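The chain below stands alone and is given in structure tokens; this is the form predicted on its own.
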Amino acid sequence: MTPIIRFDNVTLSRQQKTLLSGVSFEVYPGQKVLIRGQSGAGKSSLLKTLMGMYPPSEGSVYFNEQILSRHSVHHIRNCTAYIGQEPVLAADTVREALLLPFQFKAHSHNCPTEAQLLILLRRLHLSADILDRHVAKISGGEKQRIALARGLLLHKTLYLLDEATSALDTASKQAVFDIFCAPQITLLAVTHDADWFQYSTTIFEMNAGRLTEIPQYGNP
């Protein structure tokens, strides 16, 4: 099986500081890969490197076995849903935020119906009235779930999460876990949250820019 994501001995240095050091790993279709570690260990830098925000100082990043470059980075961005701790929804209301991608020609033929929006909101433990609320008036946890909903409406199957459930209560977090357990979804998540461990197929520890795979059993 061909990996979707592959880091080959990637080192990243910025402002005379090494953020990633010789990082190599692969993510295959359907895997749920978790990267844990202390703040400042390099977890977010790894995701930003994958999204083409930080070009590697050494080594290479591959997406579907195509080397990541300024010419090919649009491919991974089109295929991926990136959800951070504070997602930017880029709209006034929640409804506008969810429908924003469907204003573009590439997605206009797949615009969801009102019924589809409501079904998805229920799955994510969000009330129907949130659709007409201003994005400035919703909580961080609601923003995280709206960002996820937008990815699901676009039928994204690769999700990059950066502490993307940090603001969720237990029930809402479980609803998110239930969605990501689907076999067609590939997940690369960085988090401090131990609740993720039981839903991960592969767990890495990031420490001072170095990545080490850890056994699945015996996790805290």
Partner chain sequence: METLDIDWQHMLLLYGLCLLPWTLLWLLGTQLSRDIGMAVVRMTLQLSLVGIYLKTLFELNDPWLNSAWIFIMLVVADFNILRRSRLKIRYFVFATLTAMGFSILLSTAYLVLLVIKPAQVYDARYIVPLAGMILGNCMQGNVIALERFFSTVRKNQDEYLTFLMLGATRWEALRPYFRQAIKAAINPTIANMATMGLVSLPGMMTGQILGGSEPWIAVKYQLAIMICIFTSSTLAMIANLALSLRIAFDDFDILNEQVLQQ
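Worth saying up front: this structure is predicted, and the values here are computed from it rather than measured. C-alpha atoms forming the largest set that superposes within 1.5 Å between two forms make up the rigid core. Residue numbers count along the first chain shown, from 1.
Another form, the form predicted in complex with its partner chain, is not on view; read the next lines as being about it.
J.: Which residue, 135, 118, 124, 73, has a heavy atom that falls within 4.5 Å of its partner chain in the model of the complex?
T.: Of the listed residues, the single hit is 73.
J.: Since exactly one of 154, 33, 175, 158 fits, which has a heavy atom within 4.5 Å of its partner chain in the model of the complex?
T.: Answer to the contact question: 154.
J.: So in the model of the complex, does any heavy atom of residue 60 sit within 4.5 Å of its partner chain?
T.: Judged by the heavy-atom cut-off of 4.5 Å, residue 60 is well away from its partner chain in the model of the complex.
J.: Classify residue 143 as contacting or not contacting its partner chain in the model of the complex by the rule of any non-hydrogen atom within 4.5 angstroms, answering yes or no.
T.: Outside the cut-off, so no.
J.: Does its partner chain get within 4.5 angstroms of any non-hydrogen atom of residue 55 in the model of the complex?
T.: Close contact exists here: in the model of the complex, residue 55 approaches its partner chain to within 4.5 Å, heavy atoms only.
J.: Quick one: is residue 95 in contact with its partner chain in the model of the complex, heavy atoms, 4.5 Å cut-off?
T.: No, residue 95 stays farther than 4.5 Å from its partner chain in the model of the complex.
J.: Taking 196, 203 and 207 as the candidate spot, are all three within 4.5 angstroms of its partner chain in the model of the complex by heavy atoms?
T.: The answer is no; none of 196, 203 and 207 reaches its partner chain.
J.: Among 165-173, 23-31, 61-69, 178-186, which stretch has residues whose heavy atoms lie within 4.5 Å of its partner chain in the model of the complex?
T.: The contacting stretch is 61-69.
J.: At 4.5 Å, heavy atom to heavy atom, what parts of 69-91 sit next to its partner chain in the model of the complex? List them in sequence order, or say none.
T.: Heavy-atom contacts to its partner chain in the model of the complex: 69, 70, 73, 74, 77, 78, 80, 82, 88, 90.
J.: Does residue 107 move its CA by 2 angstroms or more between this form and the one not shown when the core is aligned?
T.: Residue 107 C-alpha, core-superposed: shift of 2 Å or more.
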